[in-house]
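Consider the single chain below, provided in structure tokens and representing the form predicted on its own.
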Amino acid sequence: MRRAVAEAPSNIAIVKYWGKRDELLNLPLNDSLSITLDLMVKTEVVFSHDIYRDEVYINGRRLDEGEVSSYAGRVLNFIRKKVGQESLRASIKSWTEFPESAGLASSAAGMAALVWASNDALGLSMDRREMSKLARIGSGSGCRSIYGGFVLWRRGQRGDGEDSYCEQLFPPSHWDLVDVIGMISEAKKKVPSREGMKRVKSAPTLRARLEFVENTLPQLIGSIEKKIEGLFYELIMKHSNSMHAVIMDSWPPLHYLNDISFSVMETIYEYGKAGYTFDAGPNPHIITREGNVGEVEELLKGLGIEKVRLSRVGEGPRTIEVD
């Protein structure tokens, strides 16, 4: 038996990943850029030949076979091939600090934690780049959670995905940004992100979005490097709008935002000292400087959002136990 426990962070994309050029390998249509958060998932993985089938528990709930094969199973199959032990099975238990499937990247954190723990449990000696590629296979955005700070996911060009990986651009200490997360809803999404992405190629505006990402990504990286607040806030809001525009432009139509989300967008734009971004869910991520957090919280309360989570720029995964 081999066992390890690790924890890994969630992340919030500020240049969004939405749509794939290869669904099996989770290869994206565009580069993306994220901020690692300090919201963590803890995962225990036990490998043994005595386990009958792979099993996954999240916060005590056992996933059905379909859920296992769609996410963790992809990673485990790769690991079995890597170690040459097809009969090796795993028991995985994960605990989250935040709601599942509510647009807070719980699957990204969970997949990064699984890969990190598996690497330690089996002594695979993978570096972070290799682990990011493996986490990507389980959950696209999971590859970004292998690093702390400000992380770039390169889309790559190759069909085998070997050039689609992540790298850290700036460490967590680079900029004192805070993510003020308004908890509008903790309900599970009606349409999971993986299913929603399948519709994006039907959106007439998709080509314009991909050109926008390519043209503005260097500007956004530069705004982080030089800490140009106004430009940074403007660009992250535009990138959020761009993703949700093609989501709503897809067919059949789809949306993840609600009326409160749109009120947040208007309020934060007018405030001027922060920027909003939304993943595939209604909960706003308001990115601002440490000194503005109190004002942002008051703005959200004024819109009826009483429950708020704060996250600083986080570190990458860490090992807790290895047996």
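Computed from a prediction, not measured in an experiment: that's the story for all the values here. All residue numbers are counted from 1 along the displayed sequence.
Absent from the display: the form predicted together with a small molecule. The rest refers to it.
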**Study point:** Residue among 184, 243, 134, 90 with a heavy atom within 4.5 Å of the small molecule in the predicted complex
**Key:** 243
**Study point:** Contact residue in the predicted complex, from 223, 193, 168, 216 (heavy atom within 4.5 Å of the small molecule)
**Key:** 193
Study note, to complete from the structure: Answer among 273 to 281, 257 to 265, 293 to 301, 46 to 54 for heavy atoms within 4.5 Å of the small molecule in the predicted complex: the stretch 273 to 281
Point to revise | Partner contact for residue 212 in the predicted complex: the small molecule, 4.5 angstroms, heavy atom | key: no
Check your understanding: How about residue 140: is it within 4.5 Å of the small molecule in the predicted complex, going by heavy atoms?
Key -> yes
Review point. Wondering, does residue 119 line up within 4.5 Å of the small molecule in the predicted complex on heavy atoms?
Key: no
Point to revise | Residue contact check: residue 232 to the small molecule in the predicted complex, 4.5 Å heavy atom | key: no
